[in-house]
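Let's start with one chain on its own, the form predicted alone, as structure tokens.
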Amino acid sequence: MKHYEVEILDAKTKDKLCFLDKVEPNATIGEIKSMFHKSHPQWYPARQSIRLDPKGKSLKDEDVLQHLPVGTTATFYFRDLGAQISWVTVFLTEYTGPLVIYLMFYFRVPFIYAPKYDFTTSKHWVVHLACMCHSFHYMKRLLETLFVHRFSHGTMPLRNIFKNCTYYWGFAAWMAYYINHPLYTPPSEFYGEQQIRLALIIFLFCQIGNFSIHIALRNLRPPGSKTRKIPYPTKNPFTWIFLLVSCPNYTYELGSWLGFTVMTQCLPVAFFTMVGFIQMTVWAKGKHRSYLKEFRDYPPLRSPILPFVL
């Protein structure tokens, strides 16, 4: 059996960082990262990007050496991805914040509003309903992070946690300040109750739909694997939207926040919904392109996030 010699160069300076002798031909990139880590302990595998070209894409951990377009002396290029943090930790942090922050405004803890309003409650029932919906949403997200989601990548750059938390925590505070403000004005008295009830139905419908999609996606990937398959509708009617869109979890997420916007009739909520829609559209388009590239038999009727539109 022939063995490989592997040299790893710095992607920026082209300096040789490591030379590995007698590497098995069936060794994976993940195993090569572990070997590299032994000679450079500061660069643990999760923060390593190994590439065939200095400006190329990162190779996958499961790529096998003998299946790559390299000779018996293989040259790879290394780039440091920076300090990493697990996806679970990031999600738990960014979702716990809005839950706690919103409740602080709801209970009107001191130093938020005028002292006379400390620990008072709103006279509008929609304020209490909005708190329950908001809390339910983030409790659902936390539980899904712990028990439902299976991540294809174990970590993400540490710097992202600050960006993500600023987004979620900041918007939660902005929305909560106005919804729970003593001078908050609920939807009009003529159609207000019907508007709130309709919005609640939309919100709950989309929350159930979002959870159903997450369960369907979870069932596509066996535990501990990075297998990717085309998602299809199941017996659950909430998954039938897979016939029309690639990322219905984002579609339902958008619907939930549209419902919350109609329910509270609050401008910061509408702005949060718009910004979230823009970001989810970017993610959905990227995933849609990835599906089309990876699967030749991918259903052509599907749109990224909105049926027949976007």
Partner chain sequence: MSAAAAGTSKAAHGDVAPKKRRGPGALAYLVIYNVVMTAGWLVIAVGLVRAYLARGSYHGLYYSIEKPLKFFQTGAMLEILHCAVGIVPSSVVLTGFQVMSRVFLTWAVTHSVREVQSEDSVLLFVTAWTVTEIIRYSFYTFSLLNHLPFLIKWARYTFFFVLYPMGVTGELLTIYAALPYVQKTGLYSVTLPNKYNFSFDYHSFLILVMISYIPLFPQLYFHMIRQRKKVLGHIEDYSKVE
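Positions refer to the first chain, counted from 1. It should be emphasised that the depicted structure is a prediction, and the values quoted were computed from it without experimental measurement.
The same protein has a further form, the form predicted together with its partner chain, not shown here; the description that follows concerns it.
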For the interface check, one of 201 to 209, 146 to 154, 229 to 237, 171 to 179 should have non-hydrogen atoms within 4.5 Å of its partner chain in the predicted bound form; which one? 171 to 179
None of 225, 120, 166, 185 but one has a heavy atom within 4.5 Å of its partner chain in the predicted bound form; the exception is 185
Among 264, 249, 273, 256, which has at least one heavy atom within 4.5 Å of its partner chain in the predicted bound form? 264
Is there any non-hydrogen atom of residue 268 lying within 4.5 Å of its partner chain in the predicted bound form? yes
